[in-house]
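Only one chain is shown below, in structure tokens, and it's the form predicted on its own.
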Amino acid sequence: MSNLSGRVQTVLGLVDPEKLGRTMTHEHLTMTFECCYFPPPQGDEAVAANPFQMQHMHWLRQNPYSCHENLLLQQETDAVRDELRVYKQAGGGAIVENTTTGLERDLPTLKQLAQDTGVHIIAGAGYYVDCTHSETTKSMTVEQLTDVIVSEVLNGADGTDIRCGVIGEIGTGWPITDSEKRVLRATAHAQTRLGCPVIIHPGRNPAAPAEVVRILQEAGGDIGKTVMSHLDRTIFDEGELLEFAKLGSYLEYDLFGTEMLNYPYNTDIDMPSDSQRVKTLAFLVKEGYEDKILVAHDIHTKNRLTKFGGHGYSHILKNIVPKMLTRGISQRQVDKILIDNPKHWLTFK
């Protein structure tokens, strides 16, 4: 493991952490999200069947999971390549690609994108939520799952020699299923063996992140080297957020650019606006958590790409950073969030 210690593992090999630059820690470049298809509102079936027209763009932003074609991001490699070049020009250096087993991970495509654009791409090992677990996965022991995850980092994944540099996004629902618990325990065991970063997709309930942390800790996981994703759709009460922050994980706000009235997977959730996200970041900075904040867009559907009128992978760099600087977050703190925190998280122990 000595060759991994102190390095970051990208799809093109090991790199010095200082070379990453500005990093989006939760994105997807090629994947399918059909596992989470949600039927369109009654009467909207015709729009859902043909949504990529100017007059339907607002509908698609509000109902992104109700169009099968919109969930096939893997069809847009050329558009993603163009966007990564724009991201590079905007000052972006690296992207953590969170597509795991169950979402049609495509490591050769990630490698080609990295070669074509010069963006450092870090691929994810492990498994997504229960509904994407195969019967084989569900029948595996914690030890067997651990061996698979470790091999994806040390040897390569999906029959390739392209190695993953992070475990995750490891998916959980709410309540957490038995299969998801086994994967979490395997994640902790693999992290112990490898000294590697971990990133979690928690269930859509305010109690879910802390429960994931509990399971990981009991299995020996390193919470200080673990990211809790999607906090912007999960914990809304400031007191509860600070209580969770005390547990020591990285706090990721990764849905920048997503604004919808009705979040179909949990209609009790009011999806925040980007301005509200920035306000929460400023609150966390004021409370002393600037060393634990990460940001991203979690692009996973076609409509989020600029080709289809979306914000793209450069939205944070071009639009959110200037907003942060007007809301009490200094340039030094912005650099911590975009450069230093991802660098420290991604570096193998």
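Everything quoted here is computed from the prediction, not taken from an experiment. Numbers follow the displayed sequence, beginning with 1.
Separately, the form predicted in complex with a small molecule exists; it is not shown, and the next lines address it.
A.B. asks: Please determine, with the chain shown alone, which of 320-328, 280-288, 47-55, 29-37 has non-hydrogen atoms within 4.5 Å of the small molecule in the predicted complex.
C.D. replies: Heavy-atom contact with the partner occurs in 29-37.
A.B. asks: Counting any non-hydrogen atom inside 4.5 Å, which residue from Tyr250, Tyr253, Tyr128, Tyr87 sits next to the small molecule in the predicted complex?
C.D. replies: The residue from Tyr250, Tyr253, Tyr128, Tyr87 that makes the contact is Tyr128.
A.B. asks: Taking 4.5 Å between heavy atoms as the contact cutoff, choose which of His120, Arg182, His201, Arg163 touches the small molecule in the predicted complex.
C.D. replies: Selected residue: His201.
A.B. asks: Can you check whether Phe308 is within 4.5 Å of the small molecule in the predicted complex, heavy atom basis?
C.D. replies: Residue-level check for Phe308: no, no contact with the small molecule.
A.B. asks: Using a 4.5 Å heavy atom cut-off, state whether Arg233 contacts the small molecule in the predicted complex.
C.D. replies: Contact check for Arg233: yes, within 4.5 Å of the small molecule in the predicted complex.
A.B. asks: With heavy atoms only and a cut-off of 4.5 Å, decide whether Glu169 touches the small molecule in the predicted complex.
C.D. replies: Output for Glu169 is yes: heavy atoms within 4.5 Å of the small molecule.
A.B. asks: Verify the contact flag for Leu103: yes if a non-hydrogen atom of it lies within 4.5 Å of a non-hydrogen atom of the small molecule in the predicted complex, no if not.
C.D. replies: Yes, contact at 4.5 Å.
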